[in-house]
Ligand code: AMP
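To begin, one chain is listed below as structure tokens, in the form predicted on its own.
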């Protein structure tokens, strides 16, 4: 086991809701000392060949990646897939189905914002979208900051885009079983992303991990951009309890928005199985 590796296995490009190209992300990661990298765009694998080629050009090792939106107990949970075949048709088809509801949801979000006096939000959000199939709350947040409604994207989410606020529209994503199956049948490993972010009770979280593992899930993000130091320890214990491999990733989206830079996280805690050890044969 080698937990002392600067692996960043969670970030986003313009193919989903990031602001940099896969090539720019690869250069940024390499410049920050990342040794093993993965691009994990939301519900999309269209940037994988570009990312792999860019990593190779930098002399950096690469794992294919994606982040799938899942509905579990009426909450959105994210499942990262790593080390899969980027040309797998069943995975591509499943992600396409998951993306399909975003357009209608975006129109409903725009209507909700219009009711509180914020006009043209859909068209404004589209200006920030690299892939219209993947329009998301992040793109609306960038529009509201640009138009002066809020000072920063975090303020937008608090005031307009979370449950009970004018621009919030729930969406039913893939099932946990579907997401894990798409990843594993494509030769990859499924990982629960940033588990501390979900507002589950202890029993609900136990149900998530239990069902995830029953469907073939094998990993959990222990060290990630939104976790505190205390949460690193909590989810290291969870990884050991459920026999899951441990992953590490910044969840970097943008130089102007992300509070955690690519490649700057602490190393994994000791006595864990790093996911890159399990996926050694899939590293490019």
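If you're wondering where the values come from, they're calculated on a predicted model, not measured in any experiment. Numbering follows the first chain given and starts at 1.
Beyond what is shown, the protein has a form predicted together with the ligand; the following relates to that form.
Heavy atoms within 4.5 Å of the ligand in the model of the complex are found in one stretch of 116 to 124, 147 to 155, 201 to 209, 93 to 101, which is 147 to 155. Of the heavy atoms in residue 177, none are within 4.5 Å of the ligand in the model of the complex. The closest non-hydrogen atom of residue 253 lies within 4.5 Å of the ligand in the model of the complex. When the ligand is considered in the model of the complex, residue 110 lies well away from it, no heavy atom lying within 4.5 Å.
A residue is said to contact a partner when one of its heavy atoms sits within 4.5 Å of a partner heavy atom; residue 131 fails this definition for the ligand in the model of the complex, lying far away.
A heavy atom within 4.5 Å of the ligand in the model of the complex is found for one listed residue only; from 197, 172, 165, 213, this is 197. Interface residues of 115 to 139, taken as those with a heavy atom within 4.5 Å of the ligand in the model of the complex (partner not displayed): 136, 137, 138, in sequence order.
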